[in-house]
Every structure is written in structure tokens, then in C-alpha cells.
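Let's start with one chain on its own, the form predicted alone, as C-alpha cells.
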């Protein structure tokens, strides 16, 4: 029963996501694929997965233990904070903080998590800005 409820919730979210993608304004000189393609693709995959959950639920689903939900909630809250802090703090600082926190949630020591998070954010920033030519926010503090 819980799989069907989750499938129904995800189906409603995928429909809302597709409707939101439809409302995106597309510029006159956009590429042939267009910016709506990726959101439509995500909505289609999520909708198909939702239908799978509704039509073929697990007969005996196993829920995670209580110890799972606190780190899961912290990870979810950190991702919401990441979305809000990305523009004001910039990609490198925000991503380094997010990667550090997530690494610590998965059991890394603080120093290892900080070095790994900072290294990851700088490498990804350089990859996007220097190799792919995609601008990422530098932050209002630094820019």
C-alpha cells in the first residue's frame, strides 16, 4: 500500500513538474532542442516510475530504521539550504559546505570532509567555467 501512495504522490509531482516546464518562456533564438526538453524528460521518467510503483508495488516493503531518518532529514535540509545559498555565497563556497556536510553525514572525519568538499567544488567549478564554458555564480560576497 505504501508503494502505491508514494507512486501517486510522485505521479502528481511529475504532472506538476511538466506543467511548470510548459510555462517556461523560451527565447526567440533558442536551440532546436530547447530548454524545455530536459524538464519534460525528467517528468516523463518520474511519471513512468510512478506508474510502475502504482501498478507493481512491493508486496512486503521494508522501511528503513529510525536511525536513518535524522541523517536523511539533515541531508534534505542541507540541499534546500544549498539552493538558497548558491547565489549569495557562490558555487565554490556553497558546494564546499554542502559536500563537507554530506561527507560527514556519511561518516567522513571533519578534516577529510572539508578537504574533499573544497577539492570537489574547485574542480567542478573549473570544469564548468574553463572547459565547458558554463558560468557559475561567484557569489555576491566575492563578485
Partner chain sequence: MDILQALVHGFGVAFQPINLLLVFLGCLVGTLIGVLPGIGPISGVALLVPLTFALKLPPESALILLAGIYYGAMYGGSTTSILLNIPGETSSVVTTLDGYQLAKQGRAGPALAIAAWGSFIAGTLSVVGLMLLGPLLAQWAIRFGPAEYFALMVFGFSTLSALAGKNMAKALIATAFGLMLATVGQDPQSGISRYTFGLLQLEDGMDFLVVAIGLFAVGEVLVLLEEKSHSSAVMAQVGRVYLSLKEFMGALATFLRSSVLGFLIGVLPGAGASIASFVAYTVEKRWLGRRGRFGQGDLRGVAAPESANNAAAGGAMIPLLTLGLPGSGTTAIMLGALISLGVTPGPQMFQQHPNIVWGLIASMYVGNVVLLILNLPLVWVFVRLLTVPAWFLLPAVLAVSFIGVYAVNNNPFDLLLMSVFGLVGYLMRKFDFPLAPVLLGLVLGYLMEINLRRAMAISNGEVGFLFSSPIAVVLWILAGLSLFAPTIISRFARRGQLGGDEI
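Numbering follows the first chain given and starts at 1. These numbers come from a predicted model, not from an experiment.
What follows is about the form predicted in complex with its partner chain, which we do not show.
Put simply, residue 122 is far from its partner chain in the predicted complex: not one heavy atom of it is within 4.5 Å. Remark: residue 139 does not count among the residues lining its partner chain in the predicted complex, judged by a heavy atom distance of 4.5 Å or less. Mapping the unseen interface onto this chain, residue 53 counts among the residues with a heavy atom inside 4.5 Å of its partner chain in the predicted complex. Contact check for residue 99: a heavy atom falls within 4.5 Å of its partner chain in the predicted complex. Along 78 to 101, these residues reach a heavy atom to within 4.5 Å of its partner chain in the predicted complex: 79, 80, 82, 83, 84, 86, 87, 91, 95, 98, 99.
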